[in-house]
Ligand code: HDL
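Shown below, as structure tokens, is a lone chain in the form predicted on its own; questions about how it binds or moves come after it.
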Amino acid sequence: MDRATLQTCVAQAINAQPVTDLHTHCYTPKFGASPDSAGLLLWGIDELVVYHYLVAEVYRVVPATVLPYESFWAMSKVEQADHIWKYLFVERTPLSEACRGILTCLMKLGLDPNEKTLTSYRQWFSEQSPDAYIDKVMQIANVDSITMTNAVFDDAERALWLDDPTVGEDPRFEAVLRIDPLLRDWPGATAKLRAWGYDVNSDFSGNTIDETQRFLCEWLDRQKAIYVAMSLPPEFLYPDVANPQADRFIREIMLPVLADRGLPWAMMIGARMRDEVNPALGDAGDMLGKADVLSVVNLCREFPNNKFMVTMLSRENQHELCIAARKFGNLMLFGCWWFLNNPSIIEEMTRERLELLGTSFCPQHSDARVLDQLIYKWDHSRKIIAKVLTDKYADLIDSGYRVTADHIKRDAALLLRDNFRDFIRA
């Protein structure tokens, strides 16, 4: 197979392979789906443009000395979007990945990405129905399943699940139980559990272990969750002598439940919250930090009957994390998260993982908070994954190995769908 044929074959296989998007913040229409509502399913041009990536970016151009943060947040979403479009897409060339992503979405939807105002886009989106639009986006992105992130400690989302037991029932979506406060703020979390009728105490006395496990089991059942997820700070440690409550929660409560049910614990490690960086920017104020890979190693070694899915936010963690994954079959690396979701870094990480792990990882997830982002994140990532695979197959051919179309199709399925599906079911 010559290089041109190889490149075409790989691109065709990667583009044809449906993706199971293993981590998003997208939701079924029952969670609320109007572009201008307070619903959880976000979509449409204004949500795309007023995304926190672009809020941070526009303040590089129009600083807070010109437009104070509080003045920006006092604007309507339409006004915010017009401001960002003017300064990042009209008066400047939209070279950043966040800007380019919106242009890709518009182009793939059949819209001209060169408009000077958002008026025509708003008109087009106003004509779409949420349910049909989900199908349209999934078809364009070639995504066969969207994995939600369902935060039980968010009062608004919890109320939706309690008010309508079918809120998560949609064959296009899977649920994930998100329980950050149980690890990050045990006293606050136990106070909420007590208010919800669970007999728990922050000092672990009485029925705390059994009752917290009952809480987890009830919500895993209610959501039909396929894994448990947490976003953790760079300082996360296991074991953590300074935070014995967190260690006890992990050892005595959460991991026994997950081992019994065969469900993974997904850890997204390295996000430094806005309060530590620039709270005036809202969601755009977060940052990252280098995390401790040895803590993941300790968990994988101490709990061989548990499964761990891990992504880390700092580029500096990626090599060490790959080496850790070589040592533990119960560790699945996934995605290029948040600040890593840039083509140069995605390419570097994908090459590194293929060279160290073969095809035994999940190269990407969209992390989409706006439904439309599925389009650009998978379009851009597929191109990069195909490029790297082409180079790696060429290396095999140079070594005398016969690469066939069947090899390429099998690898595409493993990387974009089957590795994740097999891991959560194994």
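All values derive from a computational prediction rather than experimental measurement. Residue numbers here begin at 1 and follow the sequence given.
Below, we refer to the form predicted together with D-arabinohydroxamic acid (HDL), which is not included among the displayed structures.
- Note on the partner interface in the predicted bound form: the residue among Trp337, Phe89, Phe303, Phe215 having a heavy atom within 4.5 angstroms of D-arabinohydroxamic acid (HDL) is Trp337.
- Note on the partner interface in the predicted bound form: the residue among Tyr393, Trp43, Phe31, Tyr53 having a heavy atom within 4.5 angstroms of D-arabinohydroxamic acid (HDL) is Tyr53.
- In the predicted bound form, D-arabinohydroxamic acid (HDL) lies farther than 4.5 Å from every heavy atom of Arg417.
- Although the partner is absent here, Arg353 is not a contact residue: none of its heavy atoms lies within 4.5 angstroms of D-arabinohydroxamic acid (HDL) in the predicted bound form.
- The shortest heavy atom separation between Lys307 and D-arabinohydroxamic acid (HDL) in the predicted bound form exceeds 4.5 Å.
- Proximity of Arg369 to D-arabinohydroxamic acid (HDL) in the predicted bound form falls within the 4.5 Å heavy atom cutoff.
- Stretch-level contact check against D-arabinohydroxamic acid (HDL) in the predicted bound form with heavy atoms at 4.5 Å: of 397-405, 23-31, 62-70, 378-386, the positive one is 23-31.
- Using a 4.5 Å cut-off on any heavy atom, none of the residues of 306-329 reaches D-arabinohydroxamic acid (HDL) in the predicted bound form.
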